[in-house]
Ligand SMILES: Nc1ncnc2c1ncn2[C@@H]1O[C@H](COP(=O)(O)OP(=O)(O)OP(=O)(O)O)[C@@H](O)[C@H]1O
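A single chain comes next, written as structure tokens; it is the form predicted alone.
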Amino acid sequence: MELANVRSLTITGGRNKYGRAEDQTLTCRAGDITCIVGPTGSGKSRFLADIESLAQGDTVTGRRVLINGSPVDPSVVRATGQKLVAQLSQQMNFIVDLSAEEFLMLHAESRISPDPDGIVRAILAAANDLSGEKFTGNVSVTQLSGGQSRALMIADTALLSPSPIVLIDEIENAGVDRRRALELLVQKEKITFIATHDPVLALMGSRRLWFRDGGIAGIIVPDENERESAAYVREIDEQWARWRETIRTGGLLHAGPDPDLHHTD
């Protein structure tokens, strides 16, 4: 299967941990962002695992994954070179003693990039655009902070990885610019799923899946009222970001809300 030809992913409903059927079928297309919400233990990570393994009714949930509306051939599931799915976990730990530039160059060369130097520069620039703390290509990947590591991997996945499907398990606590990260993935037409507890991030998606009892309890598509509320929530989040940056850079906070922060009914 040509990865560039993947335009949609469909998940057919399985069953929750009590054996009740999920009366849901979800189709996501290139550039879609689907957010996954629910309390801890509600089945979010299991759902991501079903997609990562391209489940064909062979997992505990019984879900099936279709690509472009068709079942996935077993040879595609077993393929080790051209993976359909890229996954970014909560913990990013490097064990190789390489600089960020050397690490990216190895990846670019392994992908037979026509311009490895150019793509490495582009990934580093994008990673620094996403990261709260800038870093150079000379720094060792083992010395990157959690946020820097996550930013580097998001940029690498968006710009270099051919995988059309991206799974992200929580980026809210990683010091990454969430809005720019999602915009980058949408720009590269990745089919993206993000498990999150962050209301700001959850409101950024095209839709969100609500999980309970190990299964999909609902598919929520934002309406006009929610989109207006989401804009207000983003304003509040931006205010928090300004306060956070003031504290991080050694400043003092002054009492009182931002005069520009208001809610429009």
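All residue numbers are counted from 1 along the displayed sequence. As the structure is a prediction and not an experimental result, all values here were calculated from the model.
This protein has a second form, the form predicted in complex with the ligand, left out of what is shown; the following refers to that one.
Although the ligand is absent from this view, report whether R64 comes within 4.5 Å of it in the model of the complex, heavy atoms only.
Flag for R64 set to no.
How about K44 - does it come within 4.5 Å of the ligand in the model of the complex, if we only consider non-hydrogen atoms?
Contact with the ligand, yes.
Would N16 count as a contact of the ligand in the model of the complex, using a 4.5 angstroms cut-off between non-hydrogen atoms?
N16: contacts the ligand in the model of the complex.
So, in the model of the complex, is G205 in contact with the ligand at a 4.5 angstroms heavy atom limit?
No, G205 is distant from the partner.
Among 56-64, 27-35, 236-244, 223-231, which stretch sits within 4.5 Å of the ligand in the model of the complex, heavy atoms only?
Within 4.5 Å of the partner lies stretch 56-64.
So, T40, H197 and G214: all three within 4.5 Å of the ligand in the model of the complex by heavy atoms, or not?
Each of the three qualifies.
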